[in-house]
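Take a look at this one chain, the form predicted on its own, written out in C-alpha cells.
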C-alpha cells in the first residue's frame, strides 16, 4: 500500500493520468460526434465535371461542343436533353464502336454520377427532355381500368414495331425494334420522350405521363403472365392455330402420300 501511495505522487503519474483522460475524451467524442458531411457539388461544378468526361469519352464523335461530326456519322447533341443522354449511356448503347450500325444494349461502363454529370452538361447545350422523376413512370398503384387503357395505347402506337407483348421485331434497312421484356420503366419513358434510333418521339402533349405509366403497367402485367403453350412471338392463338393446321394437315398429307406410294409399289 505504501508503495502504491508513493507512486501515485510520482511526477510521471500525473502525465499518465492526463494522457489517459485525453484518450478517453477523444474516444467518446469520436463515437458521439456527428459524421462530417461532404458538401454536394453545385450544378456548375457538376456541369464542369460532365464537360471533362464528355471531352474524353464523347467528343471524338460528337465534337467538343456537342455539335456532331458528320465524318463520324454522329449527330449533334444540342437540344437532345438530359433524358436522351441518360437513356443511351445507362443502357450501354453509348459510347458505341461503330456509329453506322444500330447500337445494342450492353453493360454500362460509367457510374451513375458520371452519367448524371455528362447528362447535365449536354442539357446545358440546349433545351430538351429532362431525366424523369419516378412519379412520371412508376406504374404501381394503377387500377385495372387504367392498365386496360395502357394496353389499348400500346397496341395502337407501339405493337407495329415492338409486337403486342413487347417482344421486339424487325424493321427496314436491317434495323430492329428491341424487346422490352427486361426494360426498366424509366427506359420506356425516356425512349418515348427522346425517340432513339428509328423510334418516333412521343411528346407529352401526345401521350401524357399518366398514359405512359399505364402502358408500362400493361407490359408488366403481360410479362408476368405465364405462357400457355407456344408463344410464337406473342401473336396470340391465331398464330398457334395456324401452325397447328400447317403441321397437322401437312403431316396428314405426307402420310397419305407415303401410303399411296407404298400401295403403288405393291
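Numbering follows the first chain given and starts at 1. Remember, predicted model here, so these are calculated numbers, not experimental data.
Here the subject shifts to the form predicted in complex with a small molecule, a form of this protein not shown in this document.
**Student:** Quick one: of 147, 125, 130, 103, which gets a non-hydrogen atom within 4.5 angstroms of the small molecule in the model of the complex?
**Tutor:** Contact residue from the list: 103.
**Student:** Given that the partner is absent here, does residue 44 sit within 4.5 Å of the small molecule in the model of the complex, heavy atoms only?
**Tutor:** No, no contact at 4.5 Å.
**Student:** Give a yes or no for residue 214: in the model of the complex, does one of its heavy atoms lie within 4.5 Å of a heavy atom belonging to the small molecule?
**Tutor:** No, residue 214 is distant from the partner.
**Student:** So in the model of the complex, is the small molecule close enough to residue 166 to count as touching (4.5 Å, heavy atoms)?
**Tutor:** Result no; residue 166 lies far from the small molecule in the model of the complex.
**Student:** Just to confirm, residue 139 within 4.5 Å of the small molecule in the model of the complex by heavy atoms?
**Tutor:** No, residue 139 stays farther than 4.5 Å from the small molecule in the model of the complex.
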